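In the block that follows, a single chain appears as structure tokens, in the form predicted on its own.
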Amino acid sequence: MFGLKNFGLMGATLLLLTATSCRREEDPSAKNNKTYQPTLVDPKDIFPAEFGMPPLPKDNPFTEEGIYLGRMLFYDPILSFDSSISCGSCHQQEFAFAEPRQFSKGIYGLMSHRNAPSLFNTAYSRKFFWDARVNTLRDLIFEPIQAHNEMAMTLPLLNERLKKVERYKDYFNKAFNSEPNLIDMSLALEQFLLSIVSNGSRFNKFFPGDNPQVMNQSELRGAFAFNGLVDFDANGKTKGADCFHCHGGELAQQQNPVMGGIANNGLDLVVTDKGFGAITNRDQDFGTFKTPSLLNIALTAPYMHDGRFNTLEEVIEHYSTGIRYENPSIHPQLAAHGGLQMNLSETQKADLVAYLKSMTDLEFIKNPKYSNPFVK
């Protein structure tokens, strides 16, 4: 759901500016029985050292109360107009916060037009949504809430709803010393989303190759293919599949938008979804989309922005024999293959699948810190 387009941001901005102005004029201690001091959380306790410290918003420090409030809001269907779906409806923990269907279903059965992307390690991302149209999680939050085919909520109604719920009166007070309001709602959701981290796969224990004993032989061969350059021999065979340019590093994801973080991977000759090109209106961006992380990729089918591939085998077959090099906006790293299909062997394809499956973090998908707090 967070990957879908929405309109009405200007109205949302005006409402939020008004809410901010009002809050500055209020004395929180005058409207609450008790002024709380939220419990600060050290980011070093959230983000693993091997990933490094991501750039974090300076005006929204992590607190135990803020993260928990965001977790409640993430799983609460009252954020949708008819109180039928929540953020967690389309971003399910057991599927690495993606959804196992091509397109998500919003209120009244309305369908989305892009596949719901996974939500983890987002603190390291520079762009959000498949079409990379926003730069921060805070900007992201209000779009699915207002999208007509997702949650279809109006912000004035949501603001009033939150104020009537006792648990939110309590937790907004604890987290922000405020009554429920949209500004602090977005800050709480931002804290929770930023705190969702996955780094417990065998791939993470293996990377950058220091612990080969955690992999079997097929996975090790897949690692060499994944990280190898395409270099055709006299028989037209290549040992490398050149996956790492767009999916390299500990996060299995290129974060730099101009170095493969936003790319056209040759899915189509004729672009039907402009992707990032619809945002920039530049020909070279038509059919380009944000590059997803491959961590937990075995859990997040179907694949691509439109969910066209159901299996990892289908994805690898695309890169092996199906790249449309004729597409004028194809990424330069793919264009460098000289228009030749890789035609990977059956063994190479099986090894790549095995390597990708080693990226599954089984602890992450069961971590109670990220689970639905309303389900015991």
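Please read all numbers here as calculations on a predicted model, not as lab measurements. The numbering used is simple: start at 1 and walk along the sequence shown.
Not on display, but discussed next: the form predicted together with heme C (HEC).
When heme C (HEC) is considered in the predicted complex, only one residue from 238, 198, 195, 265 comes within 4.5 Å through any heavy atom, namely 265.
Just one of 123, 96, 145, 182 comes within 4.5 Å of heme C (HEC) in the predicted complex, counting any heavy atom, and that one is 145. Taking non-hydrogen atoms only, residue 312 approaches heme C (HEC) to within 4.5 angstroms in the predicted complex. Taking non-hydrogen atoms only, residue 188 never approaches heme C (HEC) to within 4.5 angstroms in the predicted complex. Mapping the unseen interface onto this chain, residue 114 counts among the residues with a heavy atom inside 4.5 Å of heme C (HEC) in the predicted complex. None of the heavy atoms of residue 214 is located within 4.5 Å of heme C (HEC) in the predicted complex. The stretch among 198-206, 166-174, 277-285, 244-252 whose residues place heavy atoms within 4.5 Å of heme C (HEC) in the predicted complex is 244-252. In sequence order, 104, 105, 106, 112 are the residues of 95-113 having a heavy atom within 4.5 Å of heme C (HEC) in the predicted complex; the partner itself is omitted from this view.
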